[in-house]
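Just one chain is shown here, as structure tokens, and it is the form predicted on its own.
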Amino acid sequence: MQEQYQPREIENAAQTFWEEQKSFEVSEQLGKEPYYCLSMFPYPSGKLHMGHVRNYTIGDVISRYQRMLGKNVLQPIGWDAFGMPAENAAIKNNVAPAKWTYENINYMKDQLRSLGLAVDWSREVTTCKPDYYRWEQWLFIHLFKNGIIYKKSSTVNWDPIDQTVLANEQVIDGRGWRSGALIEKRKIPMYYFKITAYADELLSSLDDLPGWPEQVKTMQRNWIGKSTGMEVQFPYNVDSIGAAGVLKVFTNRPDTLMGVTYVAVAAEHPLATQAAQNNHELQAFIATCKYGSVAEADVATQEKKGLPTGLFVEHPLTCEKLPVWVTNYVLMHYGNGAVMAVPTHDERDLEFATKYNLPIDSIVRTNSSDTSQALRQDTYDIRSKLINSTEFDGLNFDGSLGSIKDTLIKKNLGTSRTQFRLRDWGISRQRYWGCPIPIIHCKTCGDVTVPEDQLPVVLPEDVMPNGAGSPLTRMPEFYECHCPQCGQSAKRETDTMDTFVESSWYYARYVSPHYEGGLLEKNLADYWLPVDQYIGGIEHATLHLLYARFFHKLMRDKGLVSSDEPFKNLLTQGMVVTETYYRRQANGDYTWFNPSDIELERDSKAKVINAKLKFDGLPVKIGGSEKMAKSKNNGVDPQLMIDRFGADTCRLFMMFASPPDMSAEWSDSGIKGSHRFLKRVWRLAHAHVSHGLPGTLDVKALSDEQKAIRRRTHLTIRQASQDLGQNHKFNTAIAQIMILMNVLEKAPQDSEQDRALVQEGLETVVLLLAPITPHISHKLWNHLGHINAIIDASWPVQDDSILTQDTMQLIIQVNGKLRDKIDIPAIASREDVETAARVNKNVLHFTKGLIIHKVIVVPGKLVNIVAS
């Protein structure tokens, strides 16, 4: 055994062994409990970042631990390879998105391998390859035929320069995130998943996920946004509108109906269109409403603007004429594109009514004598009573709700209705680098699905986008085709699918990645699914996780899977953060500097007091700890850390820095400390092995001192098993291992029994570290005399007999101050403990002349004598 710890040599040897032995390739083994552990798959951006290292190390620790428990563990990986970043890189670097993507995959795959992940690479999937998206197109066809996918025109965020639809999060201050163009609201035909058909189940089945964080489930509940209320009908005022009809409005507060003073409609609403026909000012206003985001959050924060239409509707209860306004805060694709405005109970309506001097009618008696406008919109208290509400005066919340609802139903001007905030999922994207939508447009037959035997519709990979819309629209060789029904000339769909589609079912494809008879093999799906442990960032709490749950239910209803949910347990890991440093330029811009380029000045207590740039010696500002990001230039290249300290050191640091669900702060001293600890483990093992391996430990012949050492070994097993296995508190498990190392380093090695105790302790350290630092554990396990690889070893089992102590040590205090320590039998009663404390010589000394008022016994820990 070499004396010095050489991580690169050790890690290369271990990884070579695992690869040659195919240690992590798994198959279905009946009679062996399966365990499916999955980390969210990476986008091939080109380089690993510390978030990747943390995410995949967490999953790997869990996978390796479960394997040591004897389970048949599957840990696959793949690549979320479609998307706009590849197109942007293509434009910037003059390289085809396919070439850029595949090169990045190869590079990142080597980086991930260097971490020593226990991944079954034989199951690798890449979403931009036809053998993957063929089955996505197959599922699309079946869902389209069943009506779960449909086509409609809808208002979207349209980037006029990039010529594409943008997601809400890609609109920044009303402009496209890449082009900077002012975003338009445009109505275009798109394909939609009818996710709202599953809204109730998506909501209710959250209760069946006890292994998910409550925060994530709450976020999903809010995103789905179920609300029960009424669809209220406001009859058209025929004199102003010129025809009979009703304006339909959904409200979950029909009890506030008597406070309505106007109605507001979206710019695209038919009443707005009618009113604008001969109104140039209104036409111009409607035109301006076409710009800006369609996201609710953006609409909520923008300045409220509007114009009157000159049209009126009638209050369904009082028949009072109410003006119809066109506003920029009502969206056509939410609800009915119209709202009933109750300024006394809605801040948005109050802001608008105040700005345009519209009536603000109080309908609730408040507890305040102040009748100012601000107080008249007090939060509706269920104990409050209606005022100025004709026959409903004096009714409380429950009474008014029921009475108004009954009256509306009797007048046929209202019906009960449940509404969701969730909207159907539009998946059409006017982009090139995505999965082609398998639809053919025929002038005679309409939209026709591509025959299954013609799948996949292959995306051409030798294409160079220029940013001006999808190049597929300019490629007759792609879109020119024949209708599969009538044989006439037709046009292939040139839109591609939202990349969230690929990431919504990839976890299922891993169970049979090479299966050519369908999307997945049913018997294998039943063996592996649902995923036992899923790991990923909290930023995916709504869209990705919601879409994956939706897809799982689609696959269940298609007979592909038997379970209702895709992921039993979810762990949302925290971010990796580090310090930021900057200088403010004269024009107000910031220049950010990497922490590695900064020299810090500390005071006598090691607190940082100043920072300067190494390059010029001039001071920089300290910006505080933030998530590692290119924008703040505070990233740390994990490959540099692996090359310098080894993968095990990086893994150990990431797991020790904080609990996995909390942010981990990067520090150079922290990773150096982790490296020093592994060197200590190696050094102790080397010293021990150099003297020859001892014989078998005789546990019946141990002295009290030897029992204490062995007790610490098995206490560590018990605590680490609980922390790592049950709570995923890897940091506290590592802390327990460090405590054991302190004991072993000081343990005597004079006799054969002493050396056998250290052998047991070292084997325990190596086994407990094996999921966290697998390479050094692999090597040390062999040096400690084991022929079989540690990857096939079992998790250590505690010896409960040694944990049952004959005696225990208690701290003795007088008035809260330490005065002595005593050893007493472990079976001693409370009375025996108190008696022993009272007669202790130090207690007698410090209570001399005092009256003992109380004796406080904390079992197993201390006794405190209270005297005065």
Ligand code: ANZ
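Treat the numbers as computed from the prediction; the structure is a model and nothing was measured. Quick note: we count residues from 1 along the sequence shown, nothing fancier.
One more form of this protein exists, namely the form predicted together with the ligand; it is left out here, but the text below deals with it.
Per the 4.5 Å heavy atom criterion, the ligand in the predicted complex is contacted by stretch 253-261, the sole one of 73-81, 253-261, 737-745, 568-576. Within this chain, D346 lines the site of the ligand in the predicted complex, having a heavy atom no more than 4.5 Å away. Contact check for L546: every heavy atom lies farther than 4.5 Å from the ligand in the predicted complex. By the criterion of a heavy atom within 4.5 Å, A647 is excluded from the residues contacting the ligand in the predicted complex.
Heavy atoms of W212 never reach within 4.5 Å of the ligand in the predicted complex, leaving it off the interface.
Of the residues given (V171, I598, I717, L331), L331 alone sits with a heavy atom within 4.5 Å of the ligand in the predicted complex.
In summary, among the residues T354, N633, Q302, S227, the only one with a non-hydrogen atom within 4.5 Å of the ligand in the predicted complex is S227. For the stretch 385-423, the set of residues having any non-hydrogen atom within 4.5 angstroms of the ligand in the predicted complex comprises only R421.
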